[in-house]
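The chain below stands alone and is given in structure tokens; this is the form predicted on its own.
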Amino acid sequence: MSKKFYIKTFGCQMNFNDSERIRGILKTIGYEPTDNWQEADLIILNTCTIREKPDQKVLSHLGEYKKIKEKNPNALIAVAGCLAQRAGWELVNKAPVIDIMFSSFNMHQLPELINQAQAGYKAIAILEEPPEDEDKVWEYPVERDNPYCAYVTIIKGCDKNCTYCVVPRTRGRERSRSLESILDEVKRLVDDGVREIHLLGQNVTAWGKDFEKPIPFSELLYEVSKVPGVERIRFTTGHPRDLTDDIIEAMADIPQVCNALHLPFQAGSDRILALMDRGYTKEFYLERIAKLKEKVKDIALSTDVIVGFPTETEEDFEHTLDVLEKVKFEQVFSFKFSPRPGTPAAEMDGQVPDEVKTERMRRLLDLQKKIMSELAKRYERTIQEVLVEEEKNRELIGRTTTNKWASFKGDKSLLGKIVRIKVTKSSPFSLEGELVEVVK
């Protein structure tokens, strides 16, 4: 009888893609997935540590999952990802129920870690640096939930030193995956029915800079677009400093590149941006946005914002609201500043009281709600292209090129097809429409 595994994933799209890769690794060694952790032989928590809340969630899940040992003493509990890399043995000491620990550096070592744990050892493999054979991980298949859209990790790590961020410590320096390896995976995915490729990295726009002979990220976009069967391309997450003119030109020039972009600005005040060590000004960010809007027709923008960074004043915060007003983002992912252990920002004087952060967050969300309601109106009675991804309650659901969910009545033979719909109803988060035609 095959063994069963259960994965709980926290955090960003990179983590979700890592979990897909872990599932592929486990299937190659005979494990089968289960949706019920209580019947698993192996439970994996793939963790995030960008803020304090996910750390707490992991500990509470571990407290729940340890009950499995009473029913199945041979069951193994593993912790992977960024919290594992940051906390290591400190976390094992807090939660001795952990049998296996690894990070994004050494996912490919999971089969041998399972063997160690089954032999009765604590298989804690947290490395200071990525191992020399890190690229071995690309040899394993990816087990996806979505048959038509796929994440492809193209770069790991980050060389920026934002003062609030643990990513350089938990994911390491930037390491670009080879162009050949990326294109091989894209071809395999397309052969498997995938139509949309979503390129991933902590700093995706920095891809290719660390090669002996650097290759611009824009060239990768062109190469991926040439793979027959690639109908859509998206990429996340870029850094404003690395969003160069050639990338914007490529976005405008390549038909498959979607007119949507996630570009974090984090704060609107130049003083706070300098304290964050973001390496750009409000004016520079707005200039990049203006260029994007000029070149890429009807581009939809999303962003990340941190509220209540140390020493943030009312005037600083007003600059953040001003960026929201000027850019008009379709989506804003906003977070109250959360001091992370070992980062410069955690030690800074002038920590902002929580009640001030909460009040500013409320104002930011109120403004964003107003902006989203205004933006929703621009979709009404327009024709939108939708890649149909699923059927639910006799309706077909997919995403527009601007990354908005849309639903319409249609036959499930349209799953995986790109169609045009006429929008009949538009809300800040989704669209409803009527089928106009099947594109391909």
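What you see is a predicted model, and the numbers here were worked out from it, not measured in a lab. Note that residue numbering follows the sequence shown and begins at 1.
Although not depicted, the form predicted together with a small molecule is the subject of the following passage.
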For this session: Determine whether any heavy atom of I306 comes within 4.5 Å of a heavy atom of the small molecule in the predicted bound form, and answer yes or no.
Result: yes
For this session: Classify L414 as contacting or not contacting the small molecule in the predicted bound form by the rule of any non-hydrogen atom within 4.5 angstroms, answering yes or no.
Result: no
Exercise. Is R195 close to the small molecule in the predicted bound form, meaning a heavy atom pair under 4.5 Å apart or at it?
Worked result: no
Exercise. So in the predicted bound form, does I371 come within 4.5 Å of the small molecule, heavy atom to heavy atom?
Worked result: no
For this session: Please determine, with the chain shown alone, which of 260 to 268, 89 to 97, 141 to 149, 227 to 235 has non-hydrogen atoms within 4.5 Å of the small molecule in the predicted bound form.
Result: 260 to 268
Problem set entry | Selected contact from I68, I50, L62, L375, since only one has a non-hydrogen atom within 4.5 angstroms of the small molecule in the predicted bound form | I50
Problem set entry | Contact residue in the predicted bound form, chosen from K209, R177, H108, K336 - any heavy atom within 4.5 Å of the small molecule | K336
